[in-house]
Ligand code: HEM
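The chain below stands alone, shown as structure tokens; this is the form predicted alone.
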């Protein structure tokens, strides 16, 4: 992954993250992808969860731009089998929901942007998934 990918991702996220509907629509998609995932959020304060998502995506973007993985490792611990028990296979559904929502909200989103997102945040997702 090169700096060009992280630059594209940083700019793409900047075009989306100031719109609260982006995070609402993301969770609608993500929870719609699986009854098991929907059940995870049954008693969740979604306003607070959207704030956590905003920060989590930013941590993935910053990691892609060279920041240490300390926060991602902590996120991995909290999402591991001894934490929230977020199963490894659900991260693909998470990424699919994110890319679909970015496509909806980023007017400059195209297949190249999608590839940049995959290459840029894939290693960070693996840090989190690897803690399972």
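Residue numbers count along the first chain shown, from 1. Note that the coordinates shown come from a computational prediction; the quantities given were computed from them, not determined experimentally.
As for the form predicted in complex with protoporphyrin IX containing FE, it is not shown, yet the points below apply to it.
Colleague: Taking any heavy atom pair closer than or equal to 4.5 Å as contact, tell me whether residue 53 reaches protoporphyrin IX containing FE in the predicted bound form.
Modeller: Residue 53: yes, in contact with protoporphyrin IX containing FE in the predicted bound form.
Colleague: Is there a non-hydrogen atom of residue 29 within 4.5 angstroms of a non-hydrogen atom of protoporphyrin IX containing FE in the predicted bound form?
Modeller: So residue 29 does not count as contacting protoporphyrin IX containing FE.
Colleague: Residue-level question: is residue 125 within 4.5 Å of protoporphyrin IX containing FE in the predicted bound form, judged on heavy atoms?
Modeller: Because a heavy atom of residue 125 falls inside 4.5 Å of protoporphyrin IX containing FE in the predicted bound form, the answer is yes.
Colleague: At 4.5 Å between heavy atoms, is residue 79 in contact with protoporphyrin IX containing FE in the predicted bound form?
Modeller: Residue 79 belongs to the contact set for protoporphyrin IX containing FE.
Colleague: Looking at protoporphyrin IX containing FE in the predicted bound form, do all three of 60, 90 and 94 come within 4.5 Å of it through at least one heavy atom?
Modeller: All of them do, each having a heavy atom within 4.5 Å of the partner.
Colleague: Could you list which residues of 23-44 come within 4.5 Å of protoporphyrin IX containing FE in the predicted bound form, counting heavy atoms only?
Modeller: Residues within 4.5 Å: 30, 37, 40, 41, 44.
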